[in-house]
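Only one chain comes next, encoded as structure tokens, the form predicted on its own.
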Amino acid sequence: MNYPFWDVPYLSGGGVIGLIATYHLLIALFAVGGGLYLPLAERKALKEGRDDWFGVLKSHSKFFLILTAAFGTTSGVGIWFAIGLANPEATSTLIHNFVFGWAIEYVFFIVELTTAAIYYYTWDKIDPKLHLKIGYVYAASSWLTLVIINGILTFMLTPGSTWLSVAGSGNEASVFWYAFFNPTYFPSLVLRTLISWNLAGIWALVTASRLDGFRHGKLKHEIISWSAKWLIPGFVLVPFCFLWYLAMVPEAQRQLLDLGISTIGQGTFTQITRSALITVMTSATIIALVYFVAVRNSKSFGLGWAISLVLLAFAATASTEQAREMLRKPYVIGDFMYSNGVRKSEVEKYNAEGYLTHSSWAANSVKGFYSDSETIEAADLKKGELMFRGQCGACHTEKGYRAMNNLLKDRDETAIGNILQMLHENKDDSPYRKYMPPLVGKDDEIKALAAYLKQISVNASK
């Protein structure tokens, strides 16, 4: 706990990360799938002598360049900004362990941006075969950025026993490749590649929807049909790859999903189950709309329908990413660091020595808590607020997302204290253990947190 807390009212830091990450992912995976879509479509047009396709593809490559280079890159920076503020401890761990990986990814990223621009600006200006090769270079470099970033993302869920055996020793770099090629690496890579193909087809339908269906009916139908085919591999193979992915996830992380699925008939939905159901429903809606509205009625398929498909893809992406994030609970880095930034190895130390005493920025506040000008009650509330920010604020807000004023409404201080004691003891039979970190700190810190939460509860009841 070496950093101050980033307070985002109503939304929380995690909520900000989720929104930016979903928006970015919708574009970043399009950059991967769309990078292959363009040269393959161009190859098809060259092979069949379809000059009418080139105008559409040139227009689509411009849309592709603007969307991925402008909006994709800025949202990527936004993710770095958000995760650095919301969970600096986890971000620091990723940087220290994967600085070599980030460097490789940046090289591929520069090649990706450069070739994307060259590909668009050299339409009709260089030999078609050379132009096609540039497209393939872009496709390869964009997919290789996914290859690198996938290793870092999957590490957070399944860092692997080899890395965990040296975590915190300073020798983590010696097992870089074990951490990178972690248990969920390959199923996740295949899943994300398939999803990128799906998004390539969906985004291509946006360009196709702008064609005049009455003046260019045949061309529009052909482009739409070609684009729709990009959805088939994903919708056929994703369920099987998802089962492969789940098989690699530690059993403890699968329990909430298994509970929700096994009791779905009784209506016992865990949050992971809800997210998974949203993914299934939105994905089924997408494939139905693409076939019945886009392919079967291509002439009347307009921009409004295409945007609806993008919004459905956004919902599917958001729910899938939320399910993936929830699988990590109660950790942000599996079996190493809890979602509030507390390392698993430091729990006993914080319980013995105090939580706030190990924060340089909070310690200065603690020193002045019990001055003559303050009552003990007011000082406890300040101390409790710091405990809330440090250990609860990563997942909860006072009012808003996972709001404490709703969760604690009408509870007295005894009931709140009992819940906190259950979190502090973190016993094997605790109902919170599967998805909430243990509450750490000395008794006076936990009592101060109870007093602060009681104040929130009282305010909520007014």
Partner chain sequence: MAQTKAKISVIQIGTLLVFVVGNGSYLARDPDLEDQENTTLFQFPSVDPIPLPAPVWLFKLLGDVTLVLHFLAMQLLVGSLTLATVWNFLGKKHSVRRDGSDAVIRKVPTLMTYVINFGVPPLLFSQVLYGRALYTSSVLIGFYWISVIVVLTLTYFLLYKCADRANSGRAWWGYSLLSWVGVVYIAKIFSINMTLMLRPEAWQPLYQASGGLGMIFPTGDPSTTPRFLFMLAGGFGLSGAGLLFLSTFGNEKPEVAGFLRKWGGIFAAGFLALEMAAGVWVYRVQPAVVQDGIMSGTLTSSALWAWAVFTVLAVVASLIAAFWGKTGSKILAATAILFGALGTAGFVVVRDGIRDLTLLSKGFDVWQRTVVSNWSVVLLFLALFVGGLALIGFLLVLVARSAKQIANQTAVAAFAGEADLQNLMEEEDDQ
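Residue numbers count along the first chain shown, from 1. What you see is a predicted model; the values in this text were computed from it and never measured.
Omitted from view is the form predicted together with its partner chain, to which the following refers.
Leu85: touches its partner chain in the predicted bound form, heavy atom cutoff 4.5 angstroms
The answer is yes: Leu85 has a heavy atom within 4.5 Å of its partner chain.
Considering non-hydrogen atoms and a 4.5 Å limit, does its partner chain approach Thr158 in the predicted bound form?
No, Thr158 is distant from the partner.
Answer with yes or no whether Glu172 is in contact with its partner chain in the predicted bound form, where contact means some heavy atom within 4.5 Å.
Residue-level check for Glu172: yes, a contact with its partner chain.
Even though the partner isn't displayed, in the predicted bound form is Gly213 close enough to its partner chain, meaning a heavy atom within 4.5 Å?
Although its partner chain is absent here, Gly213 would stay clear of it in the predicted bound form, with no heavy atoms inside 4.5 Å.
Choose from 394 to 402, 57 to 65, 432 to 440, 409 to 417 the stretch whose residues reach within 4.5 Å of its partner chain in the predicted bound form, heavy atoms counted.
It is the stretch 57 to 65.
Quick check on this chain: which one of Val107, Ile232, Met281, Ala288 has a heavy atom within 4.5 Å of its partner chain in the predicted bound form?
Comparing distances to its partner chain in the predicted bound form, the residue within 4.5 Å is Val107.
Considering non-hydrogen atoms and a 4.5 Å limit, which listed residue (Ile307, Val99, Ala247, Leu237) is close to its partner chain in the predicted bound form?
Selected residue: Val99.
Does each of Ile20, Val111 and Asp127 have at least one heavy atom within 4.5 Å of its partner chain in the predicted bound form?
Yes: Ile20, Val111 and Asp127 each sit within 4.5 Å of its partner chain in the predicted bound form.
Contacts with its partner chain in the predicted bound form - residues in 134 to 161 whose heavy atoms fall within 4.5 Å
Result: Ile134, Val137.
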